[in-house]
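Shown below, as structure tokens, is a lone chain in the form predicted alone; questions about how it binds or moves come after it.
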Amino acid sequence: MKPFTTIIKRALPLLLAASWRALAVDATNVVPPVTARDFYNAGTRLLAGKKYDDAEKLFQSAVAAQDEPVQPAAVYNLGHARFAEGAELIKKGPDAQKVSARGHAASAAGEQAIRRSESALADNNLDRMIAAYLEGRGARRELRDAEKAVAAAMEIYGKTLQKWQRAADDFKSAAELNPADTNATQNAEIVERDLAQLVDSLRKMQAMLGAMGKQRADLGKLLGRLKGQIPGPNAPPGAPGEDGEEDDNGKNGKHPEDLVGQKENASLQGKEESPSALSPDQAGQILEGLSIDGGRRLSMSDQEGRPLQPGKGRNW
């Protein structure tokens, strides 16, 4: 593993460049930041202005400067920015309840179409086979579209998962740097509970995606059998190749473990960032009452120029 000082030296120019771009949108900034304190204060202003991505870059620069008095507050607010970024992703993304309802509706329609197709084939009734064929084709399209909607929601949840895992690590690091900061420990616990619920939601979506994929494949086989039993002159109209569309089961499915995110070379505190160790059993035990709507406000170090500890540190 490369020495931490080497990692910081290589990362610092990139962080500074990103921070300068972030400050370009900060109209309140008058003096270009130079010190860790400057970057921290500029980041805090952006954080208060809900410019979370830009604030994250500035806090990273503040942390990279390795200024001991500034470090705990900078790491703390870095966690706050990342948590807020994840909450914004969910807020702006697909409505999870609507996506789930659409999936359940498509699955119910698919199950009904399967039963009617099997029954029509067993009775060898032409009219019923034609009706079942048409119903099955529509149900299959609904399943395909619902799968895409669920996969899109999982993509957003996966990105949020990455942000929240890093935020939890940030709050834990802040607590290690300043053991007297009980807010950091409390925030880490809040984020980990939301992480557990997020993992639980991802697993439920994955299960739904797998079930719909199986239904769609089963319907495809039944449609082929129905089409083979319906005489050509009686065959319903349809787009060429529609009944034999290639299934992509397993290609669009996203597993929660695939969405955890990649380890970085090293965090700015000198420790490797790793995925939160949440097992499926732990994810299934989270409290249902927790909300992931971004409305919760974590305790935040939001005062510029305040000493990090009463009576100690520089008078900013």
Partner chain sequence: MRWHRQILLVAVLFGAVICRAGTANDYFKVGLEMSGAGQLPEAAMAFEKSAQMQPASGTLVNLGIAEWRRGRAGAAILAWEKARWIDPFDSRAGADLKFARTAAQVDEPELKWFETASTWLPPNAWAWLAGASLWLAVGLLVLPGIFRRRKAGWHSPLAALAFGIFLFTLTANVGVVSRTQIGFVLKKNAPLLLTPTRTGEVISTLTAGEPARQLRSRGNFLFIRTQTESGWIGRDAFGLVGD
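Everything numeric here is computed off the predicted structure, so don't read it as measured data. Numbering follows the first chain given and starts at 1.
Beyond the structure shown, there is the form predicted together with its partner chain, which is absent from this document and is the topic of what follows.
Contact with its partner chain in the predicted complex, defined as a heavy atom within 4.5 Å, is made by none of I90, E147 and E155. Among D95, E118, E189, E176, the residue placing a heavy atom within 4.5 Å of its partner chain in the predicted complex is E176. Checked against its partner chain in the predicted complex, the residues Q71, Q197, S100, N183 give one hit for a heavy atom within 4.5 Å, which is Q71. In the predicted complex, its partner chain lies within 4.5 Å of some heavy atom of K172. Under a 4.5 angstroms non-hydrogen atom cutoff, its partner chain in the predicted complex lacks L223 among its neighbouring residues. R82 belongs to the set of residues with a heavy atom inside 4.5 Å of its partner chain in the predicted complex.
Not displayed here, its partner chain is kept clear of L46 by more than 4.5 Å at the level of heavy atoms in the predicted complex.
Figure note: of the listed segments 131-139, 226-234, 155-163, 74-82, the one touching its partner chain in the predicted complex, with heavy atoms no more than 4.5 Å away, is 74-82. Residues from 39-76 that approach its partner chain in the predicted complex with a non-hydrogen atom closer than or equal to 4.5 Å are Q60, V63, A64, Q66, E68, Q71, V75, in the order they occur in the chain.
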